[in-house]
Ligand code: NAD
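Just one chain follows, in the form predicted alone, and it is written as C-alpha coordinates.
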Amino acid sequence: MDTINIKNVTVCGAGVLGGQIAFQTAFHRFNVTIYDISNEILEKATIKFKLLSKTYKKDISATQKEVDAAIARIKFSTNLKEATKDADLVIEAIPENIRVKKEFYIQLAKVAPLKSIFCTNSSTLLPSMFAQETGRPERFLALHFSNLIWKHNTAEIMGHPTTSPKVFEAIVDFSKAIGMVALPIHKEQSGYILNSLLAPFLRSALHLYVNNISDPETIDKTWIKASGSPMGPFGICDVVGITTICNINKILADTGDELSKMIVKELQENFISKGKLGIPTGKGFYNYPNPAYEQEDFLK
(Lines give C-alpha, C1' and ligand atoms only; values in the text may rest on other atoms or scores of the structure.)
Protein backbone atom coordinates (compact mmCIF):
# COMPACT_ATOMS: atom_id res chain seq x y z
CA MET A 1 0.00 0.00 0.00
CA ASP A 2 1.26 3.48 -0.87
CA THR A 3 1.93 6.12 1.77
CA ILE A 4 -1.35 7.49 3.08
CA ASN A 5 -1.46 11.27 2.82
CA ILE A 6 -4.63 12.98 4.03
CA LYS A 7 -5.23 16.52 2.76
CA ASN A 8 -8.83 16.60 1.54
CA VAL A 9 -11.58 15.59 3.95
CA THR A 10 -15.30 15.23 3.24
CA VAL A 11 -17.74 15.26 6.15
CA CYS A 12 -21.12 13.71 5.34
CA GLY A 13 -23.81 15.12 7.59
CA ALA A 14 -24.06 18.79 8.59
CA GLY A 15 -25.76 18.22 11.94
CA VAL A 16 -24.41 19.35 15.31
CA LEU A 17 -21.41 17.02 15.39
CA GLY A 18 -20.83 16.89 11.64
CA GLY A 19 -20.56 20.67 11.60
CA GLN A 20 -18.14 20.63 14.52
CA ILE A 21 -15.95 17.97 12.84
CA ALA A 22 -15.85 19.99 9.61
CA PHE A 23 -14.92 23.22 11.39
CA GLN A 24 -12.28 21.60 13.62
CA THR A 25 -10.68 19.89 10.62
CA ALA A 26 -10.63 23.10 8.58
CA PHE A 27 -9.28 25.04 11.57
CA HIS A 28 -6.28 22.69 11.50
CA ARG A 29 -5.60 23.52 7.85
CA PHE A 30 -7.20 20.62 6.01
CA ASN A 31 -9.38 21.20 2.95
CA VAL A 32 -12.96 20.29 3.89
CA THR A 33 -16.12 19.63 1.93
CA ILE A 34 -19.32 19.21 3.92
CA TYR A 35 -22.12 17.21 2.31
CA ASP A 36 -25.79 16.99 3.19
CA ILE A 37 -29.01 16.25 1.33
CA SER A 38 -30.41 19.80 1.12
CA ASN A 39 -29.21 23.36 0.65
CA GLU A 40 -31.36 24.39 3.62
CA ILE A 41 -29.36 22.16 5.95
CA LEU A 42 -26.08 23.46 4.53
CA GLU A 43 -27.24 27.06 4.96
CA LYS A 44 -27.90 26.34 8.63
CA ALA A 45 -24.34 24.97 8.85
CA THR A 46 -22.93 28.30 7.67
CA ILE A 47 -24.71 29.99 10.58
CA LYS A 48 -23.25 27.38 12.96
CA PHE A 49 -19.76 28.13 11.66
CA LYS A 50 -20.15 31.81 12.49
CA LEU A 51 -21.20 30.86 16.01
CA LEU A 52 -18.31 28.38 16.27
CA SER A 53 -15.92 31.16 15.25
CA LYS A 54 -17.00 33.17 18.29
CA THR A 55 -16.76 30.08 20.50
CA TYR A 56 -13.23 29.22 19.30
CA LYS A 57 -12.10 32.78 20.01
CA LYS A 58 -13.60 32.61 23.51
CA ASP A 59 -12.70 29.05 24.51
CA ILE A 60 -9.34 28.41 22.84
CA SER A 61 -8.14 31.97 22.13
CA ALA A 62 -8.33 31.56 18.35
CA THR A 63 -7.71 34.72 16.35
CA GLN A 64 -10.15 36.23 13.86
CA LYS A 65 -7.65 35.45 11.11
CA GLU A 66 -7.58 31.76 12.10
CA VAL A 67 -11.35 31.30 12.17
CA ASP A 68 -11.80 33.23 8.92
CA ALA A 69 -9.19 30.98 7.30
CA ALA A 70 -11.00 27.89 8.61
CA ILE A 71 -14.31 28.98 7.08
CA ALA A 72 -12.54 29.76 3.78
CA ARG A 73 -11.30 26.14 3.63
CA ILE A 74 -14.84 24.71 3.78
CA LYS A 75 -16.88 23.93 0.66
CA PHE A 76 -20.53 22.81 0.59
CA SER A 77 -22.30 20.29 -1.63
CA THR A 78 -25.56 18.38 -1.98
CA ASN A 79 -24.02 16.12 -4.64
CA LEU A 80 -22.26 13.14 -3.06
CA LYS A 81 -20.11 12.37 -6.10
CA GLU A 82 -18.95 15.97 -6.38
CA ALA A 83 -18.39 16.23 -2.62
CA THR A 84 -16.12 13.19 -2.51
CA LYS A 85 -14.28 13.46 -5.85
CA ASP A 86 -10.97 14.49 -4.22
CA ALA A 87 -11.52 12.95 -0.78
CA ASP A 88 -8.61 11.26 0.94
CA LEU A 89 -10.90 10.72 3.92
CA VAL A 90 -14.70 10.64 4.22
CA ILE A 91 -16.17 11.00 7.71
CA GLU A 92 -19.79 9.89 7.98
CA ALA A 93 -21.84 11.70 10.65
CA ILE A 94 -25.42 10.72 9.78
CA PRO A 95 -28.14 9.40 12.16
CA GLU A 96 -27.56 6.27 14.29
CA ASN A 97 -29.73 4.00 12.19
CA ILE A 98 -28.33 0.76 10.81
CA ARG A 99 -30.51 0.69 7.68
CA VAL A 100 -29.85 4.34 6.85
CA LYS A 101 -26.10 3.92 7.30
CA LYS A 102 -25.97 0.76 5.16
CA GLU A 103 -27.88 2.46 2.35
CA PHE A 104 -25.59 5.47 2.60
CA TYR A 105 -22.39 3.39 2.36
CA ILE A 106 -23.67 1.48 -0.67
CA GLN A 107 -24.28 4.84 -2.37
CA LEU A 108 -20.94 6.28 -1.17
CA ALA A 109 -18.95 3.28 -2.40
CA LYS A 110 -20.23 3.85 -5.94
CA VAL A 111 -19.00 7.45 -6.21
CA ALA A 112 -15.99 7.98 -3.92
CA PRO A 113 -12.44 7.42 -5.24
CA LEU A 114 -10.82 4.08 -4.40
CA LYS A 115 -8.13 5.95 -2.44
CA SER A 116 -10.70 7.33 0.04
CA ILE A 117 -10.68 6.05 3.59
CA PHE A 118 -14.17 5.86 5.11
CA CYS A 119 -14.79 6.54 8.81
CA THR A 120 -18.04 6.36 10.75
CA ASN A 121 -18.58 8.74 13.65
CA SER A 122 -21.05 6.29 15.21
CA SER A 123 -21.10 6.38 19.00
CA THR A 124 -22.67 2.95 19.50
CA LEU A 125 -22.63 0.90 16.29
CA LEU A 126 -19.71 -1.30 15.26
CA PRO A 127 -17.80 -0.77 12.00
CA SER A 128 -18.14 -4.47 11.12
CA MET A 129 -21.90 -3.84 10.72
CA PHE A 130 -21.22 -1.76 7.60
CA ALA A 131 -17.81 -2.96 6.39
CA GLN A 132 -19.08 -4.94 3.40
CA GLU A 133 -21.38 -2.14 2.23
CA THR A 134 -18.38 0.20 1.96
CA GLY A 135 -16.82 -1.87 -0.81
CA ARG A 136 -13.42 -1.32 0.85
CA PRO A 137 -13.55 -2.98 4.29
CA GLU A 138 -9.77 -2.70 4.70
CA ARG A 139 -10.07 1.10 4.42
CA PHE A 140 -13.03 1.46 6.80
CA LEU A 141 -13.13 2.06 10.55
CA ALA A 142 -14.78 4.12 13.28
CA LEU A 143 -13.62 7.60 14.28
CA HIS A 144 -15.81 8.82 17.13
CA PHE A 145 -15.71 12.41 18.39
CA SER A 146 -17.41 13.90 21.45
CA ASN A 147 -19.74 16.88 21.37
CA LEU A 148 -17.99 20.24 21.94
CA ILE A 149 -15.10 18.81 19.93
CA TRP A 150 -12.78 21.80 20.42
CA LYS A 151 -12.96 21.35 24.20
CA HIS A 152 -13.74 17.65 24.70
CA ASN A 153 -11.11 16.81 22.12
CA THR A 154 -11.14 13.02 22.14
CA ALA A 155 -11.09 10.77 19.09
CA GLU A 156 -11.85 7.08 19.58
CA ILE A 157 -10.40 5.02 16.73
CA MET A 158 -11.78 1.51 16.33
CA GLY A 159 -11.24 -0.85 13.44
CA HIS A 160 -12.88 -4.18 12.65
CA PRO A 161 -11.18 -7.52 11.92
CA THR A 162 -10.16 -6.65 8.33
CA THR A 163 -9.22 -2.97 8.77
CA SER A 164 -5.68 -2.39 7.46
CA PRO A 165 -3.23 -1.64 10.31
CA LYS A 166 -1.68 1.04 8.09
CA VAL A 167 -5.06 2.72 7.61
CA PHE A 168 -5.70 2.51 11.35
CA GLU A 169 -2.41 4.27 12.11
CA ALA A 170 -3.12 6.90 9.44
CA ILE A 171 -6.36 7.79 11.23
CA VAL A 172 -4.56 7.91 14.58
CA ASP A 173 -2.11 10.38 13.02
CA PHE A 174 -4.93 12.39 11.42
CA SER A 175 -6.73 12.64 14.76
CA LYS A 176 -3.64 14.12 16.36
CA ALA A 177 -3.19 16.49 13.42
CA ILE A 178 -6.61 18.05 14.05
CA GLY A 179 -5.93 18.59 17.73
CA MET A 180 -7.49 15.46 19.17
CA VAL A 181 -6.28 13.15 21.91
CA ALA A 182 -6.18 9.91 19.90
CA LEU A 183 -7.67 6.90 21.73
CA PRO A 184 -6.93 3.64 19.87
CA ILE A 185 -9.35 0.77 20.59
CA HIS A 186 -7.87 -2.65 19.89
CA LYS A 187 -11.06 -4.69 19.66
CA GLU A 188 -14.64 -3.90 18.64
CA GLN A 189 -16.76 -2.85 21.61
CA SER A 190 -20.25 -1.39 21.51
CA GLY A 191 -20.13 1.95 23.31
CA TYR A 192 -16.41 2.20 22.56
CA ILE A 193 -14.48 3.46 25.63
CA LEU A 194 -16.26 6.69 26.51
CA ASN A 195 -19.85 5.51 26.30
CA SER A 196 -19.00 2.18 27.94
CA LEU A 197 -18.01 4.28 30.96
CA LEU A 198 -20.52 7.10 30.57
CA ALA A 199 -23.79 5.27 29.85
CA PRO A 200 -23.94 3.35 33.17
CA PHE A 201 -22.97 6.53 35.05
CA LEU A 202 -25.78 8.58 33.49
CA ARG A 203 -28.22 5.70 33.92
CA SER A 204 -27.44 5.59 37.64
CA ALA A 205 -28.13 9.32 37.94
CA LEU A 206 -31.38 9.02 35.97
CA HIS A 207 -32.42 6.12 38.23
CA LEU A 208 -32.08 8.42 41.27
CA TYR A 209 -34.15 11.07 39.48
CA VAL A 210 -37.05 9.09 37.99
CA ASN A 211 -37.50 7.18 41.25
CA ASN A 212 -37.79 10.50 43.13
CA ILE A 213 -34.78 9.72 45.30
CA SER A 214 -33.27 13.14 44.60
CA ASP A 215 -33.43 16.03 42.15
CA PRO A 216 -30.96 16.74 39.29
CA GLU A 217 -29.25 19.73 40.95
CA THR A 218 -28.67 17.85 44.21
CA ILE A 219 -27.36 14.80 42.35
CA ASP A 220 -25.00 17.02 40.34
CA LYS A 221 -23.85 18.88 43.48
CA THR A 222 -23.07 15.54 45.09
CA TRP A 223 -20.93 14.39 42.17
CA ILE A 224 -19.14 17.71 41.61
CA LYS A 225 -18.28 18.23 45.27
CA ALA A 226 -17.33 14.64 46.08
CA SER A 227 -15.31 13.91 42.92
CA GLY A 228 -13.89 17.31 42.01
CA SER A 229 -15.43 17.06 38.54
CA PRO A 230 -16.47 20.32 36.84
CA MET A 231 -19.85 18.92 35.81
CA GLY A 232 -22.39 16.44 37.13
CA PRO A 233 -24.35 13.77 35.25
CA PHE A 234 -27.31 16.01 34.37
CA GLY A 235 -25.04 18.73 33.02
CA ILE A 236 -23.44 15.99 30.93
CA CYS A 237 -26.89 14.87 29.71
CA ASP A 238 -27.45 18.40 28.40
CA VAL A 239 -24.10 18.31 26.56
CA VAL A 240 -24.71 14.87 25.05
CA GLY A 241 -28.29 15.85 24.15
CA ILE A 242 -31.55 14.68 25.73
CA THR A 243 -32.66 12.98 22.50
CA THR A 244 -29.48 10.88 22.40
CA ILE A 245 -29.88 9.88 26.06
CA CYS A 246 -33.49 8.93 25.36
CA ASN A 247 -32.57 6.87 22.29
CA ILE A 248 -29.90 4.94 24.19
CA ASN A 249 -32.41 4.05 26.91
CA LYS A 250 -35.11 3.23 24.36
CA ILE A 251 -32.97 0.35 23.08
CA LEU A 252 -33.10 -1.19 26.56
CA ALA A 253 -36.73 -0.20 27.08
CA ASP A 254 -37.66 -2.16 23.95
CA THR A 255 -36.24 -5.28 25.60
CA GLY A 256 -38.63 -4.83 28.52
CA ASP A 257 -36.28 -3.12 31.00
CA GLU A 258 -38.55 -1.28 33.45
CA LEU A 259 -36.05 1.39 34.55
CA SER A 260 -35.35 2.29 30.93
CA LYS A 261 -39.09 2.56 30.25
CA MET A 262 -39.40 5.04 33.14
CA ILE A 263 -36.43 7.08 31.87
CA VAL A 264 -37.77 7.19 28.29
CA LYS A 265 -41.26 8.23 29.49
CA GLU A 266 -39.84 11.05 31.63
CA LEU A 267 -37.54 12.37 28.91
CA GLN A 268 -40.17 12.19 26.16
CA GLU A 269 -43.00 13.78 28.16
CA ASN A 270 -41.15 16.45 30.14
CA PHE A 271 -38.20 17.29 27.94
CA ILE A 272 -38.34 16.27 24.26
CA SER A 273 -42.03 17.14 23.75
CA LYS A 274 -41.33 20.58 25.25
CA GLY A 275 -38.26 21.26 23.11
CA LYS A 276 -35.90 20.92 26.09
CA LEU A 277 -33.14 19.02 24.30
CA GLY A 278 -30.09 20.32 26.16
CA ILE A 279 -27.48 22.85 25.11
CA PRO A 280 -28.56 23.03 21.42
CA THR A 281 -31.98 24.44 22.39
CA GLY A 282 -30.81 26.41 25.43
CA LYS A 283 -32.89 24.31 27.82
CA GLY A 284 -32.54 20.83 29.27
CA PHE A 285 -31.99 19.97 32.89
CA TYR A 286 -30.45 23.47 33.05
CA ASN A 287 -30.90 26.73 31.13
CA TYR A 288 -28.15 28.00 28.82
CA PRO A 289 -25.99 29.97 28.55
CA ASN A 290 -24.71 30.34 32.14
CA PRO A 291 -26.22 27.16 33.65
CA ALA A 292 -26.67 26.98 37.41
CA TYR A 293 -23.76 24.57 37.87
CA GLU A 294 -21.34 27.21 36.56
CA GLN A 295 -22.44 29.79 39.15
CA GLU A 296 -20.23 30.49 42.16
CA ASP A 297 -22.93 29.68 44.69
CA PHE A 298 -23.98 26.32 43.15
CA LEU A 299 -22.17 24.23 45.75
CA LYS A 300 -23.34 26.28 48.73
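A residue's number is simply how far along the shown sequence it sits, counting from 1. For the two forms, the rigid core is made up of the largest set of C-alpha atoms that agree within 1.5 Å on superposition. For clarity, every value in this text was computed on a predicted model and none was experimentally measured.
Separately, the form predicted together with the named molecule exists; it is not shown, and the next lines address it.
S.K.: Given a 4.5 Å cut-off on heavy atoms, tell me which of 68 to 76, 120 to 128, 202 to 210, 166 to 174 is the interface stretch with the named molecule in the predicted complex.
M.R.: It is 120 to 128 that comes within 4.5 Å of the partner.
S.K.: Report yes if any heavy atom of residue 15 sits within 4.5 Å of a heavy atom of the named molecule in the predicted complex; otherwise report no.
M.R.: Because a heavy atom of residue 15 falls inside 4.5 Å of the named molecule in the predicted complex, the answer is yes.
S.K.: May I ask you to state whether residue 144 is within 4.5 Å of the named molecule in the predicted complex, using heavy atom distances?
M.R.: Yes, residue 144 sits close enough to the named molecule in the predicted complex that at least one of its heavy atoms falls within 4.5 Å.
S.K.: In the predicted complex, does residue 101 come within 4.5 Å of the named molecule, counting heavy atoms only?
M.R.: Judged by the heavy-atom cut-off of 4.5 Å, residue 101 is in contact with the named molecule in the predicted complex.
S.K.: Are any of the heavy atoms in residue 88 no more than 4.5 Å from a heavy atom of the named molecule in the predicted complex?
M.R.: So residue 88 does not count as contacting the named molecule.
S.K.: Of these, 138, 188, 96, 133, which has a heavy atom no more than 4.5 Å from the named molecule in the predicted complex?
M.R.: So the residue touching the named molecule in the predicted complex, by this definition, is 96.
S.K.: Counting non-hydrogen atoms within 4.5 angstroms of the named molecule in the predicted complex, say which of 41, 231, 62, 252 makes the cut.
M.R.: It is 41 that has a heavy atom within 4.5 Å of the partner.
S.K.: Any residue of 241 to 259 with a heavy atom within 4.5 Å of the named molecule in the predicted complex counts; write them all down in order.
M.R.: The stretch 241 to 259, when checked against the named molecule in the predicted complex, contributes no residue at the 4.5 Å heavy-atom cut-off.
S.K.: At a 2 Å cut-off on C-alpha positions, does residue 239 qualify as shifted between the shown form and the other one after fitting the rigid core?
M.R.: Comparing the forms between the shown form and the other one, which are aligned on their rigid core, residue 239 does shift its C-alpha by 2 Å or more.
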